[in-house]
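Given next, in C-alpha coordinates, is a single chain: the form predicted on its own.
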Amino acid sequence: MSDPAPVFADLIGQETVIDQLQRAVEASAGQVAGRGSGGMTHAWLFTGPPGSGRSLAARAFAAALLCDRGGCRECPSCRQLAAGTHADLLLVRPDGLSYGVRQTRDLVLKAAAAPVSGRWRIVLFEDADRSTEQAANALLKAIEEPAPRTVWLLCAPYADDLPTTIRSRCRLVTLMTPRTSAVTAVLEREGVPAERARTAALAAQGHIGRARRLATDEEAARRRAEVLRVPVHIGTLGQAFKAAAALVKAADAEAAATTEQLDEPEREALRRAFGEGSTGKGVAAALRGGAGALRDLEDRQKSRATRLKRDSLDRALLDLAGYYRDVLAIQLGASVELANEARDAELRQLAAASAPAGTVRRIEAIMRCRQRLAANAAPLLAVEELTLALAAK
(Lines give C-alpha, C1' and ligand atoms only; values in the text may rest on other atoms or scores of the structure.)
Protein backbone atom coordinates (compact mmCIF):
# COMPACT_ATOMS: atom_id res chain seq x y z
CA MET A 1 0.00 0.00 0.00
CA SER A 2 1.47 3.35 -1.05
CA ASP A 3 1.45 6.51 1.05
CA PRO A 4 -1.84 8.47 0.99
CA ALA A 5 -2.16 11.05 -1.76
CA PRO A 6 -1.77 14.73 -0.76
CA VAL A 7 -5.47 15.34 -1.41
CA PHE A 8 -6.34 13.25 1.69
CA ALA A 9 -4.16 15.35 4.02
CA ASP A 10 -7.11 17.38 5.37
CA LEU A 11 -9.00 14.31 6.65
CA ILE A 12 -8.19 14.63 10.34
CA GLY A 13 -8.21 11.44 12.43
CA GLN A 14 -9.61 9.31 9.57
CA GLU A 15 -6.74 6.92 8.87
CA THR A 16 -9.01 3.90 8.24
CA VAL A 17 -11.13 5.86 5.77
CA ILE A 18 -8.06 7.20 3.97
CA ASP A 19 -6.73 3.66 3.57
CA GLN A 20 -10.10 2.47 2.17
CA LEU A 21 -10.33 5.32 -0.32
CA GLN A 22 -6.68 5.09 -1.34
CA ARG A 23 -7.14 1.42 -2.23
CA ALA A 24 -10.19 2.27 -4.30
CA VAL A 25 -8.28 4.99 -6.16
CA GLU A 26 -5.52 2.54 -7.04
CA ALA A 27 -8.12 0.01 -8.19
CA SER A 28 -9.85 2.67 -10.29
CA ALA A 29 -6.64 3.31 -12.20
CA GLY A 30 -6.69 -0.33 -13.23
CA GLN A 31 -10.32 -0.09 -14.27
CA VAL A 32 -9.63 2.99 -16.42
CA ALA A 33 -6.79 1.06 -18.05
CA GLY A 34 -9.15 -1.87 -18.72
CA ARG A 35 -7.75 -4.25 -16.08
CA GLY A 36 -10.96 -4.84 -14.07
CA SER A 37 -12.60 -3.02 -11.14
CA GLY A 38 -11.00 -4.62 -8.07
CA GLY A 39 -11.79 -2.41 -5.08
CA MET A 40 -13.63 0.22 -7.12
CA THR A 41 -17.41 0.49 -7.39
CA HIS A 42 -19.88 2.98 -8.88
CA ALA A 43 -21.78 4.05 -5.73
CA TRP A 44 -20.47 5.16 -2.33
CA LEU A 45 -22.20 6.36 0.82
CA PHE A 46 -20.19 8.61 3.16
CA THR A 47 -21.60 8.72 6.69
CA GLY A 48 -20.51 10.24 9.97
CA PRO A 49 -21.65 12.72 12.61
CA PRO A 50 -21.80 16.46 11.84
CA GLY A 51 -18.32 17.90 11.44
CA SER A 52 -16.60 14.56 10.88
CA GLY A 53 -15.79 15.55 7.30
CA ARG A 54 -18.22 13.53 5.15
CA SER A 55 -18.28 16.04 2.29
CA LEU A 56 -14.57 16.76 2.64
CA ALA A 57 -13.77 13.04 2.32
CA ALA A 58 -16.06 12.67 -0.69
CA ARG A 59 -14.51 15.69 -2.39
CA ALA A 60 -10.98 14.39 -1.74
CA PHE A 61 -11.99 11.00 -3.17
CA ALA A 62 -13.46 12.70 -6.25
CA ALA A 63 -10.23 14.67 -6.75
CA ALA A 64 -8.14 11.50 -6.46
CA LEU A 65 -10.33 9.66 -8.98
CA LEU A 66 -10.16 12.48 -11.51
CA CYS A 67 -6.43 13.11 -11.17
CA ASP A 68 -3.93 11.18 -13.31
CA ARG A 69 -1.64 11.05 -10.27
CA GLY A 70 -4.27 9.99 -7.76
CA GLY A 71 -4.83 13.35 -6.09
CA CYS A 72 -1.66 15.43 -6.35
CA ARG A 73 -3.34 18.78 -5.56
CA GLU A 74 -1.12 20.48 -8.14
CA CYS A 75 -2.38 19.50 -11.60
CA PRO A 76 -5.11 21.39 -13.52
CA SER A 77 -7.67 18.70 -12.61
CA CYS A 78 -7.05 19.07 -8.86
CA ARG A 79 -7.07 22.86 -9.04
CA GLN A 80 -10.32 22.86 -11.02
CA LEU A 81 -11.97 20.53 -8.53
CA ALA A 82 -10.82 22.66 -5.60
CA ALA A 83 -12.35 25.69 -7.31
CA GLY A 84 -15.58 23.81 -8.09
CA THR A 85 -15.14 24.22 -11.86
CA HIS A 86 -14.20 20.68 -12.94
CA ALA A 87 -16.31 19.62 -15.94
CA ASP A 88 -16.67 16.04 -14.69
CA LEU A 89 -17.84 16.86 -11.16
CA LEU A 90 -21.52 17.48 -10.48
CA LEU A 91 -21.73 18.94 -6.97
CA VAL A 92 -25.20 18.85 -5.41
CA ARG A 93 -25.92 20.89 -2.26
CA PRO A 94 -29.64 20.99 -1.42
CA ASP A 95 -30.52 24.59 -0.56
CA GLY A 96 -33.79 23.89 1.22
CA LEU A 97 -35.25 21.40 3.61
CA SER A 98 -35.74 18.82 0.84
CA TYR A 99 -34.51 17.85 -2.63
CA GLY A 100 -37.29 17.09 -5.10
CA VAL A 101 -37.91 14.52 -7.82
CA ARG A 102 -37.69 17.04 -10.68
CA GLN A 103 -34.24 18.15 -9.56
CA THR A 104 -33.16 14.53 -9.17
CA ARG A 105 -34.32 13.57 -12.67
CA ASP A 106 -32.35 16.49 -14.14
CA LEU A 107 -29.34 15.35 -12.15
CA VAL A 108 -29.66 11.76 -13.38
CA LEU A 109 -29.69 12.96 -17.00
CA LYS A 110 -26.56 15.06 -16.49
CA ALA A 111 -24.83 12.21 -14.66
CA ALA A 112 -25.31 9.86 -17.60
CA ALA A 113 -23.15 11.98 -19.92
CA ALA A 114 -19.72 10.67 -20.88
CA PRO A 115 -16.82 12.14 -18.88
CA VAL A 116 -14.97 15.01 -20.52
CA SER A 117 -11.57 13.90 -19.21
CA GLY A 118 -12.04 10.29 -20.25
CA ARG A 119 -11.78 8.99 -16.65
CA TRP A 120 -14.96 9.42 -14.57
CA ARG A 121 -18.15 11.43 -14.35
CA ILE A 122 -18.65 12.02 -10.60
CA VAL A 123 -21.81 13.11 -8.77
CA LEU A 124 -21.11 14.35 -5.24
CA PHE A 125 -24.47 14.62 -3.48
CA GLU A 126 -24.17 16.35 -0.09
CA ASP A 127 -27.06 15.90 2.36
CA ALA A 128 -28.55 13.13 0.23
CA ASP A 129 -30.83 12.37 3.18
CA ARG A 130 -32.84 15.48 2.23
CA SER A 131 -34.17 13.70 -0.86
CA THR A 132 -37.94 13.25 -0.91
CA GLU A 133 -39.36 9.73 -1.29
CA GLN A 134 -39.98 10.27 -5.02
CA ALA A 135 -36.51 11.74 -5.47
CA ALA A 136 -34.99 8.72 -3.71
CA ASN A 137 -36.82 6.40 -6.11
CA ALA A 138 -35.43 8.31 -9.10
CA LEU A 139 -31.96 8.18 -7.56
CA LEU A 140 -32.28 4.43 -6.96
CA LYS A 141 -32.91 3.74 -10.63
CA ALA A 142 -29.77 5.66 -11.61
CA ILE A 143 -27.69 3.72 -9.09
CA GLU A 144 -29.17 0.39 -10.16
CA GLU A 145 -28.41 1.06 -13.83
CA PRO A 146 -25.33 3.32 -13.78
CA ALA A 147 -23.61 4.73 -16.83
CA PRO A 148 -20.27 2.94 -17.43
CA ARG A 149 -18.05 5.74 -16.14
CA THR A 150 -20.36 7.46 -13.61
CA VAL A 151 -19.56 7.36 -9.89
CA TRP A 152 -22.12 8.42 -7.26
CA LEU A 153 -20.82 9.80 -3.95
CA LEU A 154 -23.69 10.25 -1.49
CA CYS A 155 -23.31 11.93 1.91
CA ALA A 156 -25.61 11.55 4.92
CA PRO A 157 -25.16 11.59 8.71
CA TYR A 158 -26.22 7.94 9.09
CA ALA A 159 -26.76 5.06 6.68
CA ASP A 160 -30.31 4.65 8.00
CA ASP A 161 -31.12 8.15 6.74
CA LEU A 162 -31.39 6.69 3.23
CA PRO A 163 -33.75 3.95 2.03
CA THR A 164 -32.46 0.39 2.37
CA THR A 165 -32.69 -0.05 -1.39
CA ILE A 166 -30.16 2.74 -1.95
CA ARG A 167 -27.73 2.06 0.86
CA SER A 168 -27.57 -1.66 0.00
CA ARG A 169 -26.19 -0.71 -3.42
CA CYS A 170 -23.51 1.61 -2.05
CA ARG A 171 -20.15 0.88 -0.50
CA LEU A 172 -20.19 2.40 2.97
CA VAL A 173 -17.53 4.83 4.18
CA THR A 174 -17.93 5.61 7.88
CA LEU A 175 -16.10 8.61 9.31
CA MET A 176 -15.48 9.00 13.03
CA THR A 177 -15.56 12.11 15.19
CA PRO A 178 -11.96 13.41 15.33
CA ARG A 179 -10.29 13.47 18.73
CA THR A 180 -10.01 16.77 20.57
CA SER A 181 -6.22 16.63 20.35
CA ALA A 182 -6.36 16.27 16.55
CA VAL A 183 -8.74 19.23 16.12
CA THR A 184 -6.65 21.30 18.53
CA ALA A 185 -3.51 20.56 16.52
CA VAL A 186 -5.20 21.71 13.30
CA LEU A 187 -6.23 25.02 14.87
CA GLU A 188 -2.78 25.59 16.34
CA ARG A 189 -1.20 25.03 12.91
CA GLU A 190 -3.55 27.73 11.64
CA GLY A 191 -2.21 30.20 14.22
CA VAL A 192 -4.83 29.88 16.98
CA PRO A 193 -3.30 30.12 20.51
CA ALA A 194 -3.12 26.73 22.25
CA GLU A 195 -5.61 27.44 25.07
CA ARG A 196 -8.20 28.95 22.75
CA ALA A 197 -7.71 26.10 20.26
CA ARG A 198 -8.38 23.46 22.92
CA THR A 199 -11.42 25.31 24.30
CA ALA A 200 -12.92 25.59 20.81
CA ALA A 201 -12.11 21.97 19.97
CA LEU A 202 -13.81 20.74 23.14
CA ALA A 203 -16.86 22.94 22.58
CA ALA A 204 -17.22 21.76 18.98
CA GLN A 205 -17.01 18.08 19.99
CA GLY A 206 -14.99 17.06 16.96
CA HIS A 207 -16.68 19.35 14.42
CA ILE A 208 -13.63 20.94 12.79
CA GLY A 209 -15.49 23.72 10.96
CA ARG A 210 -17.40 24.65 14.09
CA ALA A 211 -14.20 24.63 16.16
CA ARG A 212 -12.49 26.90 13.66
CA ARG A 213 -15.38 29.36 13.78
CA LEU A 214 -15.57 29.41 17.58
CA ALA A 215 -11.82 29.99 17.76
CA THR A 216 -11.69 32.82 15.22
CA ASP A 217 -15.13 34.48 15.30
CA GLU A 218 -15.82 36.40 18.52
CA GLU A 219 -19.51 36.81 17.66
CA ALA A 220 -19.97 33.06 17.16
CA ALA A 221 -18.32 32.39 20.52
CA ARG A 222 -20.50 35.03 22.17
CA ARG A 223 -23.69 33.53 20.72
CA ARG A 224 -22.73 30.11 22.06
CA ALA A 225 -22.07 31.63 25.46
CA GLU A 226 -25.59 33.11 25.37
CA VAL A 227 -27.03 29.63 24.77
CA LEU A 228 -25.12 28.22 27.74
CA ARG A 229 -26.55 30.90 30.03
CA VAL A 230 -29.90 29.11 29.88
CA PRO A 231 -29.29 26.37 32.51
CA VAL A 232 -28.39 28.88 35.22
CA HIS A 233 -31.04 31.49 34.41
CA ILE A 234 -34.32 29.57 34.41
CA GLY A 235 -35.33 29.50 38.04
CA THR A 236 -38.82 30.99 37.50
CA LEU A 237 -41.59 30.73 34.92
CA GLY A 238 -40.83 34.19 33.56
CA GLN A 239 -37.13 33.39 33.27
CA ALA A 240 -37.95 30.19 31.37
CA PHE A 241 -39.97 32.09 28.75
CA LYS A 242 -37.27 34.76 28.52
CA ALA A 243 -34.61 32.09 28.07
CA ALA A 244 -36.62 30.49 25.26
CA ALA A 245 -36.84 33.78 23.38
CA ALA A 246 -33.10 34.38 23.87
CA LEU A 247 -32.27 30.88 22.63
CA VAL A 248 -34.28 31.29 19.44
CA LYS A 249 -32.85 34.80 18.92
CA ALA A 250 -29.27 33.53 19.26
CA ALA A 251 -29.93 30.76 16.73
CA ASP A 252 -31.52 33.24 14.31
CA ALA A 253 -28.51 35.53 14.63
CA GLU A 254 -26.16 32.63 13.90
CA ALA A 255 -28.19 31.68 10.82
CA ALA A 256 -28.41 35.30 9.64
CA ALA A 257 -24.63 35.67 9.80
CA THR A 258 -24.14 32.55 7.66
CA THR A 259 -26.90 33.57 5.25
CA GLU A 260 -25.34 37.00 4.69
CA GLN A 261 -21.98 35.42 3.87
CA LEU A 262 -23.59 33.14 1.26
CA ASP A 263 -26.30 35.29 -0.34
CA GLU A 264 -24.62 38.44 -1.60
CA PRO A 265 -21.75 36.74 -3.50
CA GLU A 266 -24.35 34.58 -5.29
CA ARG A 267 -26.47 37.59 -6.24
CA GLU A 268 -23.42 39.53 -7.39
CA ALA A 269 -22.18 36.63 -9.54
CA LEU A 270 -25.60 36.31 -11.18
CA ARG A 271 -25.78 40.05 -11.91
CA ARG A 272 -22.35 39.95 -13.53
CA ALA A 273 -23.34 36.90 -15.57
CA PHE A 274 -26.25 38.88 -17.04
CA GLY A 275 -24.16 41.96 -17.78
CA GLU A 276 -25.08 44.36 -14.98
CA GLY A 277 -22.75 47.33 -15.07
CA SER A 278 -21.98 46.78 -18.77
CA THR A 279 -23.15 48.81 -21.73
CA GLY A 280 -23.85 48.11 -25.37
CA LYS A 281 -26.28 46.24 -27.56
CA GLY A 282 -28.24 43.45 -25.97
CA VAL A 283 -27.31 44.32 -22.37
CA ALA A 284 -30.75 45.69 -21.51
CA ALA A 285 -32.43 42.59 -22.93
CA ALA A 286 -30.02 40.34 -21.03
CA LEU A 287 -30.79 42.16 -17.79
CA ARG A 288 -34.52 41.70 -18.36
CA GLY A 289 -33.93 38.02 -19.01
CA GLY A 290 -31.91 37.82 -15.80
CA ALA A 291 -34.79 39.10 -13.66
CA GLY A 292 -36.41 35.67 -13.68
CA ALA A 293 -33.13 33.98 -12.78
CA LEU A 294 -32.67 36.44 -9.91
CA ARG A 295 -36.16 35.64 -8.57
CA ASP A 296 -35.35 31.92 -8.74
CA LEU A 297 -32.11 32.55 -6.85
CA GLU A 298 -33.93 34.57 -4.19
CA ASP A 299 -36.47 31.76 -3.74
CA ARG A 300 -33.65 29.24 -3.26
CA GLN A 301 -31.91 31.57 -0.84
CA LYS A 302 -35.10 31.95 1.22
CA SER A 303 -35.44 28.19 1.37
CA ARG A 304 -31.81 27.87 2.43
CA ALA A 305 -32.27 30.56 5.09
CA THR A 306 -35.15 28.55 6.57
CA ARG A 307 -32.96 25.45 6.70
CA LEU A 308 -30.06 27.38 8.22
CA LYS A 309 -32.33 28.72 10.97
CA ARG A 310 -33.46 25.22 11.83
CA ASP A 311 -29.89 23.88 11.69
CA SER A 312 -28.60 26.73 13.89
CA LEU A 313 -31.29 26.11 16.49
CA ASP A 314 -30.54 22.40 16.42
CA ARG A 315 -26.84 23.15 16.98
CA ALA A 316 -27.78 25.37 19.94
CA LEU A 317 -29.80 22.51 21.40
CA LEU A 318 -26.85 20.18 20.96
CA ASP A 319 -24.69 22.70 22.83
CA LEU A 320 -27.24 22.60 25.65
CA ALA A 321 -27.30 18.80 25.61
CA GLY A 322 -23.51 18.82 25.81
CA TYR A 323 -23.68 21.12 28.82
CA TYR A 324 -26.04 18.80 30.70
CA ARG A 325 -23.96 15.82 29.62
CA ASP A 326 -21.01 17.47 31.38
CA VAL A 327 -23.16 17.96 34.48
CA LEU A 328 -24.15 14.28 34.40
CA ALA A 329 -20.54 13.18 33.96
CA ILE A 330 -19.57 15.12 37.10
CA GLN A 331 -22.53 13.72 39.04
CA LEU A 332 -21.55 10.15 38.11
CA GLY A 333 -17.82 10.69 38.56
CA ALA A 334 -17.10 9.68 34.97
CA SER A 335 -13.55 10.18 33.70
CA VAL A 336 -14.36 11.85 30.39
CA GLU A 337 -13.45 15.10 28.67
CA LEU A 338 -15.88 17.90 29.43
CA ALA A 339 -17.05 19.86 26.41
CA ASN A 340 -17.27 22.93 28.64
CA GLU A 341 -14.30 22.42 30.94
CA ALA A 342 -13.74 26.21 30.99
CA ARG A 343 -17.02 26.37 32.98
CA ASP A 344 -15.91 23.73 35.46
CA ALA A 345 -16.93 25.64 38.61
CA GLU A 346 -20.38 26.44 37.19
CA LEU A 347 -20.92 22.84 36.10
CA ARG A 348 -19.97 21.47 39.52
CA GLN A 349 -22.29 23.90 41.26
CA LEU A 350 -25.21 22.78 39.09
CA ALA A 351 -24.24 19.11 39.55
CA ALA A 352 -24.29 19.52 43.33
CA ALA A 353 -27.69 21.24 43.24
CA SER A 354 -29.48 18.50 41.29
CA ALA A 355 -29.69 14.71 40.96
CA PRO A 356 -28.54 12.57 38.01
CA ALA A 357 -32.14 11.55 37.28
CA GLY A 358 -33.10 15.20 36.83
CA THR A 359 -30.16 15.77 34.50
CA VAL A 360 -31.14 12.77 32.37
CA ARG A 361 -34.71 14.10 32.23
CA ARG A 362 -33.43 17.46 30.97
CA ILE A 363 -31.29 15.83 28.26
CA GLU A 364 -34.32 13.80 27.15
CA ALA A 365 -36.38 17.03 26.98
CA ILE A 366 -33.75 18.55 24.68
CA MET A 367 -33.86 15.53 22.40
CA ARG A 368 -37.68 15.69 22.26
CA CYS A 369 -37.45 19.35 21.30
CA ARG A 370 -35.07 18.47 18.47
CA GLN A 371 -37.54 15.87 17.21
CA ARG A 372 -40.39 18.37 17.30
CA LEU A 373 -38.38 20.94 15.37
CA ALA A 374 -37.46 18.30 12.78
CA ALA A 375 -41.20 17.74 12.37
CA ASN A 376 -41.60 21.50 11.64
CA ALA A 377 -43.05 22.56 14.99
CA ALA A 378 -43.11 26.33 15.62
CA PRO A 379 -39.59 27.05 16.97
CA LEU A 380 -40.54 29.42 19.79
CA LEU A 381 -43.35 27.19 21.08
CA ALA A 382 -41.13 24.10 21.00
CA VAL A 383 -38.30 25.87 22.81
CA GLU A 384 -40.66 27.37 25.41
CA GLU A 385 -41.87 23.87 26.22
CA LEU A 386 -38.23 22.84 26.55
CA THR A 387 -37.17 25.66 28.87
CA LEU A 388 -40.18 24.98 31.10
CA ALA A 389 -39.03 21.35 31.32
CA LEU A 390 -35.47 22.45 32.11
CA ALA A 391 -36.75 24.74 34.87
CA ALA A 392 -38.90 22.06 36.50
CA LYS A 393 -37.48 20.75 39.76
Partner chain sequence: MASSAQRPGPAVTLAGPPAPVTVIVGEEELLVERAVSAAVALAAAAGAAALAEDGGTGADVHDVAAAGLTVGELSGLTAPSLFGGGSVVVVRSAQDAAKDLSAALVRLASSPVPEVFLVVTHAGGAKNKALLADLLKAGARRVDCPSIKRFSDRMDFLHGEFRLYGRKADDAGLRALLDAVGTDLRDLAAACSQLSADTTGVVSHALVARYYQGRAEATGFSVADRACEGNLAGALEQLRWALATGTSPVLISSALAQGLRTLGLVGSVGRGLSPNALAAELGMPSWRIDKARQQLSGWTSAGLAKAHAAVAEADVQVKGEGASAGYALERAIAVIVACRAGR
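Numbering follows the first chain given and starts at 1. Being a predicted model, the structure only gives us computed values, none of them experimental.
The following text describes the form predicted together with its partner chain, which does not appear among the structures shown.
By the criterion of a heavy atom within 4.5 Å, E385 is counted among the residues contacting its partner chain in the model of the complex.
Although the partner is absent here, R300 lies well away from its partner chain in the model of the complex, with no heavy atom inside 4.5 Å. At a distance threshold of 4.5 angstroms between non-hydrogen atoms, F241 is in contact with its partner chain in the model of the complex. Put simply, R372 is close to its partner chain in the model of the complex: some heavy atom of it is within 4.5 Å.
Looking at 314-322, 212-220, 241-249, 197-205, the stretch with residues near its partner chain in the model of the complex, meaning non-hydrogen atoms within 4.5 angstroms, turns out to be 241-249. Screening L109, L237, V116, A83 for any heavy atom within 4.5 Å of its partner chain in the model of the complex leaves a single hit, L237.
Of the residues in 357-387, those that come within 4.5 Å of its partner chain in the model of the complex through at least one heavy atom are, in sequence order, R372, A375, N376, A377, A378, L380, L381, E384, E385.
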